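Heads up, the chain below is alone and in the form predicted alone; it's given as structure tokens.
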Amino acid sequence: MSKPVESLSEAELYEISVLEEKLRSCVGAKAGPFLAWDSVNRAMIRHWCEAMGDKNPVYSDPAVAAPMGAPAGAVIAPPTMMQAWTMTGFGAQHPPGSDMREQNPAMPYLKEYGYLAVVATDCEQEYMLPICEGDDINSRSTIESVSGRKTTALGVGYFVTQLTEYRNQHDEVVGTMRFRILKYTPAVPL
């Protein structure tokens, strides 16, 4: 249904209204917690820093990390790693004890109605507390908004905004991430 609204039939307009009602029902939907497979550890921090070319000693030297809030003998993880600890990886599985429901309930509806392509449009992260070696991170997400049908240069689709909150083992919020995607039908078939 990548045609302009004015050229849609009544049946197509009805189908869009049904989809949009389903999408509106997703706003406010919460999921989680999604646990991490591993505690925050120096090996993963080192790999991340090597890949990013980040030589900040707070990520490798406990003596430098201690005044920044790290426990004795521990280092701090780069804040931009926040999402990495609870991601599923290629197997698309969260570890046992995690919420096993769909993390973004709008996605199955959009797929059902033929919006199969996806592109990340923007991401905003906010960091509250340092994530330290030994921490156990988990995440919880909320669907903040779903736009109405939009026509973009990529095609026709919907913007979905998800807010994820990251917590440590003490249930303290270490940061948040607002992530927006466009789920669409390409203007030019893939």
Partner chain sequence: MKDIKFTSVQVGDRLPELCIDITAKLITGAAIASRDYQNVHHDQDTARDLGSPNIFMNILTTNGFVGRYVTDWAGPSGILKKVSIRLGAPNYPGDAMVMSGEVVGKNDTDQSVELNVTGKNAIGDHVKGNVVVLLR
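Nothing here was measured: the structure is a model prediction, and the numbers come from that model. Positions refer to the first chain, counted from 1.
There is another form of the same protein, the form predicted together with its partner chain; it is not shown, and what comes next is about it.
Undergrad: Want to guess which of 131-139, 24-32, 64-72, 144-152 is within 4.5 Å of its partner chain in the model of the complex, heavy atoms only?
TA: Contact-bearing stretch, as computed: 64-72.
Undergrad: Can you tell me if residue 97 lies within 4.5 angstroms of its partner chain in the model of the complex, counting non-hydrogen atoms only?
TA: Residue 97: no, not in contact with its partner chain in the model of the complex.
Undergrad: Please check if residue 42 has a heavy atom lying within 4.5 Å of any heavy atom of its partner chain in the model of the complex.
TA: Residue 42: no, not in contact with its partner chain in the model of the complex.
Undergrad: Can residue 58 be called a contact residue for its partner chain in the model of the complex at 4.5 Å between heavy atoms?
TA: Output for residue 58 is yes: heavy atoms within 4.5 Å of its partner chain.
Undergrad: Under a 4.5 Å heavy atom criterion, is residue 52 part of the interface with its partner chain in the model of the complex?
TA: Within the cut-off, so yes.
Undergrad: What are the residues of 112-137, in order along the chain, with a heavy atom within 4.5 Å of its partner chain in the model of the complex?
TA: Heavy-atom contacts within 4.5 Å come from 116, 117, 118, 119, 120, 121, 122, 123, 124, 125, 126, 127, 128.
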